[in-house]
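Here are two versions of the same chain, shown separately as structure tokens and labelled structure 1 and structure 2.
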Structure 1
Amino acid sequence: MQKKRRIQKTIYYIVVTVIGFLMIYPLLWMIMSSFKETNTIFTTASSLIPETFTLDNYINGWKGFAKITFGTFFKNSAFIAVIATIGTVISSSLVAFGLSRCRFRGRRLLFGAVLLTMMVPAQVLMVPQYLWYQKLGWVGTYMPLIVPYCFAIQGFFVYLMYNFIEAIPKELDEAAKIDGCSYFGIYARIATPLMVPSLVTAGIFSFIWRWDDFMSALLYINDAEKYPVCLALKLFTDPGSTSDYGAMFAMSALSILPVLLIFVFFQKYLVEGISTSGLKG
């Protein structure tokens, strides 16, 4: 019996390890290839370990395209993702607090609208929104990539925070109200400190989504100076570009680094966000 269990356990770990290795193999291959000499990447594609370890790909890749370095692209991406995320978190928390703590006419209707925005996927809005932003003169600027998110239009985040606030005891508000605190005081001094975990969860998801938001960048940003990283990476795959695969792998690896770091340090929040409210990863 003992022996049978041990065998079962061993099989379990072998299966789990093998599948796990297959799961991250593509990523390992990308990272390892980025340290190989660029002309050997495909001749040695079946082995992971570089024969000679080199950083040339990173140096060459960083130079970017047409005198615009990847430094610019990373700066652009960081700017878009950080501002849009701050806007998302602040606006969503305000809306969630209002829906949870204040009774006013049309509250239920608005809550329904929040849930509805969760069901309307951003992709089908691509053409309608483009035509509208075109009218507003936003094409070619960062406005479409940032401004809408500062108005809490991602129902997921509002819903996540709403559930969080609902779990905070109402007695705290009552006590503050008796002490002469306005609703804005309650929001700023009582609710916000208590909802930090949900703000972090929303913040990291928003950051990852905005960092990877390829389609909006493709639609609205024409000027290479303004390209975010994801759009710059696409230049590597364009027909006619000099195919320096080493540089491509190096910059691809760098582009997922921020998300990897979030994954390593904030895994708890990611897991919570997904398993409690079904945010997609």
Structure 2
Amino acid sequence: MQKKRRIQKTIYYIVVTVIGFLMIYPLLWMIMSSFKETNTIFTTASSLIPETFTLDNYINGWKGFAKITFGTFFKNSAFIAVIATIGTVISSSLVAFGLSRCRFRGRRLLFGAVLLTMMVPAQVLMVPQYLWYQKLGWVGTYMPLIVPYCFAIQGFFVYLMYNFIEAIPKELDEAAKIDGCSYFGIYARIATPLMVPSLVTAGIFSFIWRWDDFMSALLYINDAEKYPVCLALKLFTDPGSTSDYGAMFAMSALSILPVLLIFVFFQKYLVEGISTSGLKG
């Protein structure tokens, strides 16, 4: 029996390893291609390992365009992602707490409306949102990429935190009320410390989505100096002349690092937030 289980485990790990390698192969190919000479990337596409390693792609890519270094694009992306993430986490937690703890007429209807927003494709809202932001004079600024997320517009995060708050014993709220806490005091002193796993989970997802939000940046940002990384990468490809794919792959590899580091350092909270919210909901 032990020999049979050992064979089954060996086969299982081999199959999982092969599938995992196939899934990350495009990413590995891009990273390894960033160390190849640009004119050899597609002629040696079948080979994962570069014949000669070079860092020229990283040097050329970091120089950027029109005296705008790629550091500026990284700074723009970080600004958008961090501010929008903070706004998302705070607003979503407040809305989730209100829907869970505050009893008012139409509460369930409002919660249903929040869930319905998860089912509306973002593409359907692009035109009316653009016209609205144009009237406000926000086109060409970071406002459309930041301000809406400060008003809990993403139902997924509200739902995630709502389930987490529902699992917190209501006796803690009653004890806090006896001590003179208001609803906001209960939120700040009781709920927020207990919601850390769900807050971190929402923060990770929000940061990743804002960092990779190419479509919104394409619609609203028209000044190259304000481009985030996801939009600046397209500048390396020019249909009318030669494209610097080596530099594009190099900067693409660097653009993955912030998201990868956040995932590595906060993986514990991410798993805990998702699992406990799912079980307690």
Partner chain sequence: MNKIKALVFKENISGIIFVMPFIIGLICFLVVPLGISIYYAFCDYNILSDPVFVGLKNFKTMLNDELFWKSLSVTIFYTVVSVPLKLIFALIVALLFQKTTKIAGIFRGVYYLPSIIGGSVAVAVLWKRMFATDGTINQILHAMGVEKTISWLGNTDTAIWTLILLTVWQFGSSMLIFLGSLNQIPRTYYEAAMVDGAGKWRQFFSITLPLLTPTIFFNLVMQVINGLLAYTQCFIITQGQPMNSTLFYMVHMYNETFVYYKAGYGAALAWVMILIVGVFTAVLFATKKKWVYDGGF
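In this text, the rigid core denotes the largest set of C-alpha atoms whose superposition between the two forms falls within 1.5 Å. Quick note, the numbers are simply positions in structure 1, starting from 1. Small disclaimer: the values here were computed from a predicted structure and weren't measured.
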Two forms of the same chain here; which is the form predicted together with its partner chain?
1
Asn39: with the rigid core matched between structures 1 and 2, does its Cα shift 2 Å or more?
yes
Using a rigid core alignment, state whether the CA of Thr54 is displaced by 2 Å or more between structures 1 and 2.
yes
Keeping the rigid core fixed, what distance in angstrom separates the two C-alpha positions of Lys9 between structures 1 and 2?
4.4
